[in-house]
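First, one chain by itself in structure tokens, the form predicted alone.
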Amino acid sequence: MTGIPDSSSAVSPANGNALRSSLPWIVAVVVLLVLPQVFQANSAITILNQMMITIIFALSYNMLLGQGGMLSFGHAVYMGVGGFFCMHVMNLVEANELPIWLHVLPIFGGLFSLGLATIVGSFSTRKAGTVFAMISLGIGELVAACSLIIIVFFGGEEGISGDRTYFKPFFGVKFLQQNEVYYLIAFWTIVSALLMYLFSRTPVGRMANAVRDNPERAEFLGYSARWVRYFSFCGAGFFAGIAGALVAINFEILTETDLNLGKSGMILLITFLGGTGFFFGPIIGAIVFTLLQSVLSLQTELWQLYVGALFVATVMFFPGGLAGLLMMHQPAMRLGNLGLLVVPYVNTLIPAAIGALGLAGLMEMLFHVRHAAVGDIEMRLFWITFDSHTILPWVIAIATMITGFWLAYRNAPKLRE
């Protein structure tokens, strides 16, 4: 006689899949709740806030590049205008004492950027590729120039500032402390990331991938490649506006640098660094870049050179980004052979890191000799103070660089195998 499984003791495959799908989001929420308890300094909280804002901004850009195949050089415009609009709302609340919670301010920024995206997207998404990239570059330069001309909205070179504490208190919270702002940004980070992930699972999100890979075939199947790109473009603009609103809340000031070409290039670098082929790729890129920008910049003036070198190395050797590099290990993990990679990694990566440190030391000494004041011959590098005008530090740096890179090059074939 055929037995009927007990539903109370068995977990259906659908429930198991739902649990596995929701597990990363649960872990993310727990981590965001715990982080302020681990890093309690205001400087650390500020870095975490910047990191979460960059995550939203990078995920919104990935809606264009990673999902829709639209290379944009002006995506910072939508973050910037959303932030500037929220600064005006913030000043309006301060002047008129409007009963508005600070929690809803990102919606204002998102909707304002969405309005701009619907206008720009109506003509820029007709074509992809070079045409779209050049239009986005032109729009970015146009808005950046207008930010210095239209002072009534952008504030000119000084920008627009405001005060978030004039909003209606939320259960007694007036957002005077950085940790209070942290939880607000964390809330919008989870909500925005979840909504963007759900968008990628919708038919429009799926068709964006098809239009990215083969727009002619998508048109042949009856889908409008232009409209698919348009919806993705508008969604990306909306979430970029949310990121801009969070910038206004966190820093309480916006300037022209928040929407110029440099900011757009930065988010392009972050997204490529993390990996455009995976949803969590821009998240990794945002975390790594924010740490490099905030921590490494305190140690050296050449931090942008190192970030650029990391970006070039990623594009050359790991086109899938850091996320693609991690996913390369999934088959080995599934087969239980991940432990076999430990020894080749140690034999290759440790010499490579030593060689990179030698190269960094050489670059730092060159910079010090070239830009130091007259008579300033001492420099501190890797917690060691020495005379940069003697021959011994140069010999050590060159020997370390050559030896490390040579050992890494010799052991690389074993790692590749």
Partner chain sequence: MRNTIGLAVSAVLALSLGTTAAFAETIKIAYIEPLSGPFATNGNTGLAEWQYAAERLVNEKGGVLDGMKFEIVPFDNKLDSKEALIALQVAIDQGIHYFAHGLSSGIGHALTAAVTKNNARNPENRILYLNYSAEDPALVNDACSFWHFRWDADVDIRLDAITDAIAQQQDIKKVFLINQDYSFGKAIVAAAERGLAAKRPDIEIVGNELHPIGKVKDFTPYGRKIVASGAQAVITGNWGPDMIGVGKSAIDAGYDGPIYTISAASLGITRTFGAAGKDKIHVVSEGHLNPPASERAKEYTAGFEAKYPDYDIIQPRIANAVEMLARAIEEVGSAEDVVSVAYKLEGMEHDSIWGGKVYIRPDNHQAIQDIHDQVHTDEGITFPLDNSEYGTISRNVIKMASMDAPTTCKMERPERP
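Positions refer to the first chain, counted from 1. The shown structure was predicted, so the numbers you read here are calculated from the model rather than taken from an experiment.
Not on display, but discussed next: the form predicted in complex with the partner chain.
Residue contact check for A41: one or more of its heavy atoms lie within 4.5 Å of the partner chain in the predicted bound form. Using a 4.5 angstroms limit between non-hydrogen atoms, V27 touches the partner chain in the predicted bound form. Contact annotation: N179 falls outside 4.5 Å of the partner chain in the predicted bound form, judged by heavy atom distances. Shown alone here, L291 lies within 4.5 Å of the partner chain in the predicted bound form, counting heavy atoms only. Figure note: of the listed segments 102 to 110, 303 to 311, 220 to 228, 191 to 199, the one touching the partner chain in the predicted bound form, with heavy atoms no more than 4.5 Å away, is 303 to 311.
E157 is the sole member of E157, E216, D213, E97 with a non-hydrogen atom lying within 4.5 angstroms of the partner chain in the predicted bound form. Interface residue among L298, I119, A332, V346, judged by heavy atoms within 4.5 Å of the partner chain in the predicted bound form: L298.
Of the residues in 142 to 160, those that come within 4.5 Å of the partner chain in the predicted bound form through at least one heavy atom are, in sequence order, L148, I149, I151, E157, E158.
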